[in-house]
Structure formats: structure tokens, C-alpha cells
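Next up: just one chain, as C-alpha cells, the form predicted on its own.
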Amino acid sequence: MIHLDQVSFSLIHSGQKLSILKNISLSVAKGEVVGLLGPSGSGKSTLLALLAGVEQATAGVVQVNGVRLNGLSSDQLAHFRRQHLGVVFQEFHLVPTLTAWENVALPLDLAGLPGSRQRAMAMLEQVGLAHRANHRPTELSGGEQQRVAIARAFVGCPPLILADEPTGNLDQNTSQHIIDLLFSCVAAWGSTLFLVTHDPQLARRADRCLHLVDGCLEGSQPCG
């Protein structure tokens, strides 16, 4: 599902080259759940951005679900994201002017797929929020907003889910519910899950964990 070969990413800041990621090589199998751990500033979010095609690697090869992302145009990358990815963020990133079902239906509408409302409602039913379908994000709790975000990520049945601190803004009880929901959706749809987390409860649920320190991958190990 994911193959990175000697991937680096750097920026020029005030005339100086800043190396964010350094010679990252890794492979993630289809259906695998991988946790990415590391201190703040180690490059975790940048690595997710490369996998999502939001940033382009400075060097090396980035391949996701058989698609080589290096050198693709903005339109090609947008098409790749619609076809292959679902994303869950720490900050939810719901559109505030849209209702819950409209937020869930948005990826389907952008892809021009039919039956978006019916599919969105069915997905909200799966996450236990059908009764809140016509509420806007400001009318939902943090846990409810994250459930809507999970429904939106899975509604198109993507082969890969990227999750960036999905429980970071939630209390412990709500976090446990969101973790259970996320993993039940992964099991139901057979998706691969690649997640960034500081949450030990969440990390323990992964098949293995990668550790990123100062832009370097320090290997993987079981997370239990």
C-alpha cells in the first residue's frame, strides 16, 4: 500500500537549507495498521503530507497504492486523493456552514458520484449519528464532530486512511470510543491505516509502530 524509497524533504528558510525528513525508506502492507510516533517537530505531519500528495518529496520515491506521486500535477494529485485516501485530522476540519450529512457527502460530491446523500446517511448510521444528520458542527460535541470526520473519511471506501492525532482534542472516555470506532471501520472496510499519535491507547492498537526522531526513521517494533 505504501512504499517509500530514500525519501527526503527539505525547505529553504532565510537562505538556509532545513532538512525535515532524511532518507526515509519503509513499506506498509495492504490492511496493515501502522502507528507513527515521535517528538513534536520530528517530521511526522510532513511525512503524512507526502503520503497525501500535499507536499512533494525533495528526493526519493513516494508510491501509494501503486501510484507514484513524484512529479504529478496538482490536478493529478487531487484525483489521486479522491480515489485512494481518507483523512482524519486532530482538528476535525469540518465545513462549518454544512450539516453533518453534507460534510460526509462532500468527498462524493467533489468526485461527482451519484447517491451522495443516501451514502452519507448510511455512513452516519454506521457511526451512530443519523439522528444528528441535520446539525452543523457548532451544534455537535467534539466527539460527535470526530465521528462525522471518520464517517467522511470512510464514505468513499478508500484503501488508505491517514489519521493525524485523531484523539488529540478529546477527553479520555471520548478518545476510547473514537479509537474503537476507527478500528471497527478499518476492519469493516479492510482499509490500511497509517496514523500519527501520542496517545498510548491508540498506539497499542497498531500492528507495529515507527519512530521518527529529527527527521530520521529509527525502525519499527510491535506496539503492544
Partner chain sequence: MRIAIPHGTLAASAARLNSRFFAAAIFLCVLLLVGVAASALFLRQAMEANARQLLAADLRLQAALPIAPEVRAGLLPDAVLRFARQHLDGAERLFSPGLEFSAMARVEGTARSLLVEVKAVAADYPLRGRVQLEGDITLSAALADGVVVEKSLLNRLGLRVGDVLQLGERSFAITAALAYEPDRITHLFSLGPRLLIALDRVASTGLIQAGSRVTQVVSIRLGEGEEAAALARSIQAQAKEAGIQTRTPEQSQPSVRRFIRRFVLFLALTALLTLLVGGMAMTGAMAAFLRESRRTIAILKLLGANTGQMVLLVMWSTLRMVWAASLAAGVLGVMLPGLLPRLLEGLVPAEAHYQPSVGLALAGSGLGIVFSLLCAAGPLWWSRSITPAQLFRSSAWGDEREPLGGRKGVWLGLLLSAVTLCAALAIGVWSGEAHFGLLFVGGVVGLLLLAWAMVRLSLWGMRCWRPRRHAWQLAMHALLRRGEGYETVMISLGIGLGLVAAVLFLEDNLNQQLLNRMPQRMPSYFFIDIQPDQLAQFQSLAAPFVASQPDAMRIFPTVRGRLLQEDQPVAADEERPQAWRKSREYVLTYTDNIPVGNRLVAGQWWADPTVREASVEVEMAKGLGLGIGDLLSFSIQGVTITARITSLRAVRWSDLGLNFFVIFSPAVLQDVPLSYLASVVTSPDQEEALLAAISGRLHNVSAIATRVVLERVQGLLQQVAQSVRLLGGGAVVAGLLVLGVSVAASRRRRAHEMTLYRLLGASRWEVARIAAVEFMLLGLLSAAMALLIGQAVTALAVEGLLNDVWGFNAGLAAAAFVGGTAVIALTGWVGSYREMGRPVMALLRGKIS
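Numbering follows the first chain given and starts at 1. From a predicted model like this one, the values you see are computed outputs, not experimental measurements.
We do not show the form predicted in complex with its partner chain, though everything after this point is about it.
- Using a 4.5 Å heavy atom cutoff, none of Glu139, Cys185 and Asp199 lies near its partner chain in the predicted bound form.
- Under a 4.5 angstroms non-hydrogen atom cutoff, its partner chain in the predicted bound form lacks Arg119 among its neighbouring residues.
- Proximity of Ala130 to its partner chain in the predicted bound form falls outside the 4.5 Å heavy atom cutoff.
- Under a 4.5 angstroms non-hydrogen atom cutoff, its partner chain in the predicted bound form lacks Glu144 among its neighbouring residues.
- Taking the partner from elsewhere, Gly71 is found to have every heavy atom lying beyond 4.5 Å of its partner chain in the predicted bound form.
- Between 60-68, 24-32, 177-185, 40-48, the stretch whose residues reach within 4.5 angstroms of its partner chain in the predicted bound form through a non-hydrogen atom is 40-48.
- Although its partner chain is not shown here, in the predicted bound form the stretch 91-116 places heavy atoms of Glu91, His93, Leu94, Val95, Pro96, Thr97, Leu98, Glu102, Leu106, Pro107, Asp109, Leu110, Gly112, Leu113 within 4.5 Å of it, in sequence order.
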